Every structure is written in structure tokens, then in C-alpha cells.
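This document opens with one chain alone, in C-alpha cells, the form predicted alone.
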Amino acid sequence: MSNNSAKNLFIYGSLICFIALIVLTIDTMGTLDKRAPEITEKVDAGKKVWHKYDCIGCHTIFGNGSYFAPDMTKATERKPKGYLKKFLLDPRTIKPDAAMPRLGMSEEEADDLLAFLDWTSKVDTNNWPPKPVLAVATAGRGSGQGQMLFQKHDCAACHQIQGLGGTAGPDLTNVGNRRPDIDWHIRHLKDPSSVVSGSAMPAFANLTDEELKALAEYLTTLK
């Protein structure tokens, strides 16, 4: 290749790349606002709470922060707000061995922070961060539909089975040994606090009797 050809290749190649960059930038700027909901005063107040308590010192959000604690970008999408509020106010009443200390956050601050986390959960992040691998448990009698319900309702966001899943709630690997009574599980799923005092688990009273029984039967197979 001659020097002149090489020079033309460099010039035209650079020009094409520059034009492509401009087109992509214009397209991104045109769609950016559509990927996030409106920022309200409460969301703004929640962001200030996030900074006040240096949440980013332990958690990540939109890929920024530390990796000592779970990513919070989609927090309210994966965990009930009632549970999150209780945890924010006093983590160890929910999980006695929680590494997160009691921050002294007020209820108003907790509500504002949840508004901010709800906003981040609704931002279109192209499916980032990916959801954790759902636990694959040993199948047993009646576990087919129950296991699908376990996955459908994202129970693995809070519970582990065989080392896979969240740690916000009790490990369910051997729950069938600890709680072999199907009726107990049905009552617990319908109204957790009625059988476990102070439970932060949300109620699944919206499930049909058939679904409750299937999910309860699945839980009793985990041994």
C-alpha cells in the first residue's frame, strides 16, 4: 500500500468513525430521558438520604459503589418495600446476624430512601444487574408446580437453597426437616406474622388454595 493510500484510509476511516459516534450520541441523548421515570421531590430527598448514610460505601448502584453488600439498583423490584423499610430501620430485628448496623434512620428518611430505590428500580438498565441464579432443589412429590411457583414469585431473592439465592430470609435447604407440616407452611404463606412473630416476609394470600398447597408441598420436600 502506498503512502497516499494509507493516508486516505486513515482520513476516511477516522471520518466514518466520527460520524458514527455523532449518530450514536444523538440517538442516545434522544432516548435517555425515556429510560428513567420522573424525579420527584421525594426521590431527590431519598438520594440525599443515600448520600447522608454513605450507602454507596457498602452497596453498588448503577454499577458504582462498593461490593461488600448487595447491589441496590433493583432493590424494590426484588424485595417488598415493607421488608426493606423494617430492614433499614433496624437490620438485626429482621436478620440477627446482619452485617449492616442500625443507622439511626428515621421513618421519614426510610420512606424517602425507598422512594429513591423505587425510582432506580424503574430505570431501564438493559437488564443490568442480572438476576441471581435461582436455586435448583431436589425434586420430590408434588414439587413440580411448587418449584415453578417458588421461581415465579422470586423467593430466591430472599432465601437460599443448597447455597444459591439470597440471604435476607432463612435458608430453606432443610426446611422440610424443620417444618414438615404442610398446613403450617400454608398458614405461613397466607400470613407470615401470624405464625412467626415480627416476620418481615410479605403475605402470599393472593395465591389460590391449590397454589398455596403446591408451594407448601414443595417446601416440605427440601430436606
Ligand code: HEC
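In this text, residue numbers run from 1 along the sequence as written. Since this is a predicted model, take the numbers as computed values, not measurements.
The discussion below concerns the form predicted together with heme C, not included here.
Student: Considering non-hydrogen atoms and a 4.5 Å limit, does heme C approach Pro170 in the predicted bound form?
Tutor: Although heme C is absent here, Pro170 would touch it in the predicted bound form, with heavy atoms inside 4.5 Å.
Student: Quick check on Asp54: any heavy atom within 4.5 Å of heme C in the predicted bound form?
Tutor: Yes, Asp54 is a contact residue.
Student: Taking heme C as it sits in the predicted bound form, is Ile26 near enough to touch it, meaning that at least one heavy atom pair lies within 4.5 angstroms?
Tutor: No, Ile26 is distant from the partner.
Student: Would you check, heavy atoms only and a 4.5 Å threshold, whether Pro101 touches heme C in the predicted bound form?
Tutor: So Pro101 counts as contacting heme C.
Student: Taking heavy atoms and a 4.5 Å limit, what residues of 46 to 69 are near heme C in the predicted bound form?
Tutor: Those in contact are Trp50, Tyr53, Asp54, Cys55, Cys58, His59, Phe68, Ala69.
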